[in-house]
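In C-alpha cells, one chain follows: the form predicted on its own.
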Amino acid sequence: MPSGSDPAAAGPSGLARRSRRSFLTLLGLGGSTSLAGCNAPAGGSSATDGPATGDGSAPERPDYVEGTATGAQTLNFLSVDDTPSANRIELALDGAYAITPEQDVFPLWADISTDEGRVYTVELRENLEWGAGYGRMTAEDWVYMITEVFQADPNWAGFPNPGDWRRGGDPIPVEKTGTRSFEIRLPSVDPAFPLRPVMWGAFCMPKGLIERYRPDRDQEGLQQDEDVQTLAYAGNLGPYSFERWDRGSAFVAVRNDDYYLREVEDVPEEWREAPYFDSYTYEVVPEESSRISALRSGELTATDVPETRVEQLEGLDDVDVRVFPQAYMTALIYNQRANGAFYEALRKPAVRRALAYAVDKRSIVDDVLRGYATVAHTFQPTFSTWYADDEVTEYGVGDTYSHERAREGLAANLGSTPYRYDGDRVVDEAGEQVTLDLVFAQGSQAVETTAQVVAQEYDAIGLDVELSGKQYGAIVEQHLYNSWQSDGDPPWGAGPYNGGPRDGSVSQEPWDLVLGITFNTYPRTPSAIRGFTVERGGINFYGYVPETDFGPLFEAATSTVDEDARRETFEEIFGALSAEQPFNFLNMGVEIVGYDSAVAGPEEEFGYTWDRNTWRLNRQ
C-alpha cells in the first residue's frame, strides 16, 4: 500500500488496516477489520503449543485458522492495496523490521541505524536465503529493487507507494556499501524515518526474478510469474511457507522448518522456536454470523468480531474478546471526480461543510457501533500525540449536528453549481430530484446500518440517496481505481487510485459516496497521510483538490528535528483538513477480535501484532 510520505512525488499510499505493520496498509475494509495475528485450528480446537514427543521427532503443534470476511486479491506485494492480501503475504515474508508498541525498531531481516538522522545504514542478517534457487539475499537485491522498481519512472511494476522513495520529486539516493549493507541518503534530516512505512515492514524480491521483467517493463509478466504467485522465492524469510491458495475460500501456509530467526542469537528466547503452529489458514467466511458460530464451536481460533455481536461472546469460557486501539478512520467519501452526479457541488468546501452538519456522528458511534469507536474530526485519532483539540473544527456533534444549518449551508453555496433547492428538495438544472449513489462495502452490518443512517440524514436536507452494497474488491476495481478518459496523454498520474486530474481521470463506474473503506491515519508518522491529502497523492481516488497548500507543510514537518515546530505544523495541517472536509470524518474504530481463550500473546495496545509469531495456545 502506498503511504504517501514523499512531499512532492505523491505516489499512491495505501490502504491500511490494523495496527500491524503498515507497509502497505493505506486503506482497509471498514467494519470488518481483520486480525493480524493468529488463526485457529482448521477443523477443530488446537491442542497444545507443541510439547516434545520424547522420541526425537518434531513436536506436534496446533493449527491455526483465522476467519475472515474477504479473500486476497493477489500475492504480488507490488500490487497489494488491501489488508487480506497483505496478511497472507506476511506469513511467508517477515519484512525488514518491526516496530514495537514502544516505537523501538525490532530487527527481522535487517537493522537500521543512523548517526545524525539523514543517512541511514541498513544491515541485513547473514542467514537470509531466497527460495526457488535465487541464492542469498544481499544488498544488491535491495538496491536493485529500490532503484528499478520502487523508484522506477515510469512506475512499470505498478508499485502503489512510489512517493515513499522520493523526496521533492527526486529519488532518494541508495547505495550498496557491502554485501549485506546499503545506505539510504535522505536529502534532509528525518528522525522519524525508521517509523515510516518505507523500510519498516518493507518486502523485497530477488534481483534475478525482477531482471526478467524490468527491461520490457512487463508488469503482467511479473504478476503472473509462478514464483510470485506461490511465494516460492520466500525461502527461509518467513515463519510459514505457501501451501495452497483457493481463491475466495482459503489460504493455507505451513510452518517453515528453515525459518531464519531460529538461528540468530540476538532475539528473545520465545522467537527461537517460532512460530508455534504447524499451519496457518485464512478461511474466508463472508457471513458474520457464520464466523461467530465457527469461533464458538472451535472451528476458528480467531476472527474479527463486529460491534453488534460482542454481547454474544461475553461470558463464554472458550472465547476471549479483546479490543485493540487502531489507526483506521472511517469516512464518508465524496466523489469529486467528473463522473459523479453531484461533483460540481462536492468540490466546494462550503458544500462539504454543510453536508457534515447533517450527519450525527455521536449517534453512529453510540447506537450503530455500540460505543466501540470514537468520533473523528480530522485525519488523526485523539490518542495521537499530534492531535490538537483547539485547532480542529468539529462538525456533526452537539450544536454542529443540525439539519437546519446543513440546509442553510447548501442553499447559500449551491448557487454556482447546476443544483438548487426547489421547495425542500435539491434538484438539478432540469428540475429533477438529485439522487446520490452511495456504495458501501458488504460484509458488515455496522457499515450497512451506517449507510442507511446517512441516507436518512441526507433525505432530511433534500437529497435522495440510493444504496448499493458491493464486495470490497468490486468497489476497488469499479469505483476506486480510475484512469484517464480524455483526449491525449494525462498531464500526470499517480498510480491506479489517481490516474490524473479529476476532470479527465474517472472510475469505471460512477458513484457519489463511498462508505466502508478505511484510511490509515499513521499516528506515529502522520506526514505519511500526504498521499491522501494532496491533489497528486497516490490514494486520492476521490479527486480532492485542497485549498490549503499541504505540500510545503508536510515538507516542513518531515525535515525538522524540532519537536515543537513539527507539532505546530501538524496542528495546522489537521486543523485545515477538518475545515476543508475532503470527506466527512466519521469515526476512529477499534479492532475487536475473538480468540480461542487459550491463545496467549496479544496485548490490548496499539501496534499489538508486531510479535504475533510468538503467540501460542496454552491449553490446561
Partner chain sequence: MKRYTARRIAWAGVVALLILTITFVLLELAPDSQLARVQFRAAASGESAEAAADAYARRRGLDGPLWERYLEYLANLASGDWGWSDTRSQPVAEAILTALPYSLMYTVPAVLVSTTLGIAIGLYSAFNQYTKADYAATFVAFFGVSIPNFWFGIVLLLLFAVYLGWVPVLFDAELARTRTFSLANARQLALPVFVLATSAIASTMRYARAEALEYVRAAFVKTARAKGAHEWRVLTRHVLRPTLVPLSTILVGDLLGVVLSASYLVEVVFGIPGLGRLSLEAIRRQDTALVLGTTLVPVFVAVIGNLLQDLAYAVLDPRIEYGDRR
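For clarity, every value in this text was computed on a predicted model and none was experimentally measured. Positions refer to the first chain, counted from 1.
Omitted from view is the form predicted in complex with the partner chain, to which the following refers.
Although the partner is absent here, T74 sits close enough that one of its heavy atoms falls within 4.5 Å of the partner chain in the model of the complex. The closest heavy atom approach of P286 to the partner chain in the model of the complex falls within 4.5 Å. Although the partner is absent here, D246 sits close enough that one of its heavy atoms falls within 4.5 Å of the partner chain in the model of the complex.
Using a 4.5 Å cutoff between non-hydrogen atoms, P496 counts as a contact of the partner chain in the model of the complex. The single contact residue among Y458, F541, W511, F324, judged by any heavy atom lying within 4.5 Å of the partner chain in the model of the complex, is F541. A heavy atom within 4.5 Å of the partner chain in the model of the complex is found for exactly one of N256, T450, S505, N155: N155. Contact with the partner chain in the model of the complex holds for none of Y357, A576 and P582, as no heavy atom of theirs lies within 4.5 Å. The chain is drawn here without the partner chain; in the model of the complex, the stretch among 131-139, 117-125, 224-232, 334-342 whose residues come within 4.5 Å of it by any heavy atom is 224-232. Residues E287, S289, S290, S293, A294, R296, S297, E299, L300 are the ones in 287-310 with at least one heavy atom within 4.5 Å of the partner chain in the model of the complex, listed in sequence order.
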